[in-house]
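One chain is shown next in structure tokens, namely the form predicted alone.
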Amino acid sequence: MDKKETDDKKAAVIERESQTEALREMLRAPAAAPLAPLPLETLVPEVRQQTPAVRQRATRPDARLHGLGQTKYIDDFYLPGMLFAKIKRAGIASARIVRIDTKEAEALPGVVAVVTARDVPCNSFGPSLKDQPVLAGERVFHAGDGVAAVAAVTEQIAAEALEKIEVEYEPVTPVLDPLESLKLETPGLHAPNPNIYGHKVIRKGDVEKGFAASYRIFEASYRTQMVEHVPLEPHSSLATWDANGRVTIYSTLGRITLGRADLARTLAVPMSRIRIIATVVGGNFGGKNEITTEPVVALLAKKTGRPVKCTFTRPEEFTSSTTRHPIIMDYKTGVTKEGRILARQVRLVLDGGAYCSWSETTLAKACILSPGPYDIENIYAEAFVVYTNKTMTGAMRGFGAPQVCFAYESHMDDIAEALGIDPLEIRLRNVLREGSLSPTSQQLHSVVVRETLLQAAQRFGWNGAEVRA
């Protein structure tokens, strides 16, 4: 072997050793790159301080479609072969159903199917009490009750078919005043159940002792009215069944899980065979928290073998969907000469309308909040909810809070005027503070009612009596 070959072999060995060492270095390197701090350090906001996101521009992902009018709401949906449904409303507040004749409606060209209460497998539902029928069968409890439903090739034909359905009623004297309903003995409207179907009492301290120590006692009664949500988009749903006996329902429901449970009950179908797709909602405000048209379109779709859609008319929104509870509120308040509240007694009577819906939840929240945001040692609050033959009441923003707020703040204004105390000053003397006990004796934290009032008064430029800071 000459010198050149020997040098070449040595060079090859050195190169291989160099490559091997480089490979070893690579294997010894960390698996991931070392962490590097971001340019912007994230800080934990202090208590009661605004987060950095406040007052910053935020882009809504659905804003462009809304702005261009291209958002698809449920009434924009159309499936091949889809039929349109309409529901026949009772139009009478209280009656027994003697007879329903649908023959003439079924014979109308373009009508594909008609259903009544006898077509509903389990004709009762509700988020708490199962007292609502899908379609009334023997008894009508308010004018908005549905008694029959039609599926036709057009909405116009479906509406015409409703006029051809004959319903014979035996009128029953309606109960329209909640105070009258409160007095009625068992059985009530929904025999054998009583008219009072919800009751709550809150006690704190001794109100009689507080009244005895008071300089003056003020009593007043307040009432609120029934309020409809009036969303721009009315209630609507669309149902279609597949060949395996599964139903898909497109719906404006805000609580689709509860809706599935109610549909499983009314249709006698396992929840595993029910799919609810929540569509873009054009306004809810609490009014779309329970099923309305969903079981009807599901029944009609199953009977016809075709997709079926039903959309409320504007009058139906007022007669057949839930409304805000009217409440009769009686207040009795004992105060010192300086306007300090020593005792407050409250009685609430909620008009629940024809069915329970979310009345039990509203009753509890209204009762708990009825004394107001004031530090009162002696409280007695009692609330009732009763049936009447009116449009049913249910969930609406606040769940009873707006009604009692109107009452206790009006009451505070009356007391302040009678004692010659500035309305802001009397509130500052009574508001809850850090560590105060709520009406249910819960110790409160992060209480800023006083600070909020002072800031609002400053910004508003309130020129009342001297405010103690």
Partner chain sequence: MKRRGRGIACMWYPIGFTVSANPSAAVVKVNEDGTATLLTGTVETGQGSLTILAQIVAQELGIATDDVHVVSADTDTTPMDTGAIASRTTYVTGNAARLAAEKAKKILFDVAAPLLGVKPDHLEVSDHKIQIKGFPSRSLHIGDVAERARGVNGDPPLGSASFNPATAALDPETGQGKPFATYVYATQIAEVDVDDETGEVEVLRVVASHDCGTPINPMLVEGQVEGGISMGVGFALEEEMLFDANGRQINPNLTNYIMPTSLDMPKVEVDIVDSYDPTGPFGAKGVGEPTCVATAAAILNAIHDAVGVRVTSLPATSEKVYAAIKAKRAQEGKRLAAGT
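All values derive from a computational prediction rather than experimental measurement. Numbering follows the first chain given and starts at 1.
Keep in mind that the form predicted in complex with the partner chain is missing from the display, and what follows is about it.
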item: All of S221, S410 and E417 within 4.5 Å of the partner chain in the predicted complex, heavy atom check; value: yes
item: Listed range touching the partner chain, judged in the predicted complex by heavy atoms within 4.5 Å, from 188-196, 391-399, 149-157, 100-108; value: 391-399
item: Contact of R60 with the partner chain in the predicted complex (heavy atom, 4.5 Å); value: yes
item: 4.5 Å heavy atom contact, T279 and the partner chain in the predicted complex; value: yes
item: Proximity of K302 to the partner chain in the predicted complex, heavy atoms at 4.5 Å; value: no
item: Touches the partner chain in the predicted complex: Q225 (any heavy atom, 4.5 Å); value: yes
item: Candidate from R265, K164, K332, R255 lying within 4.5 Å of the partner chain in the predicted complex - any heavy atom; value: R255
item: The partner chain: the contacting residue among G245, P171, P121, G283 in the predicted complex [heavy atom, 4.5 Å]; value: G283
item: In the predicted complex: members of 314-334 within 4.5 Å of the partner chain, any heavy atom; value: R314, P315, F318, T319, T323, R324
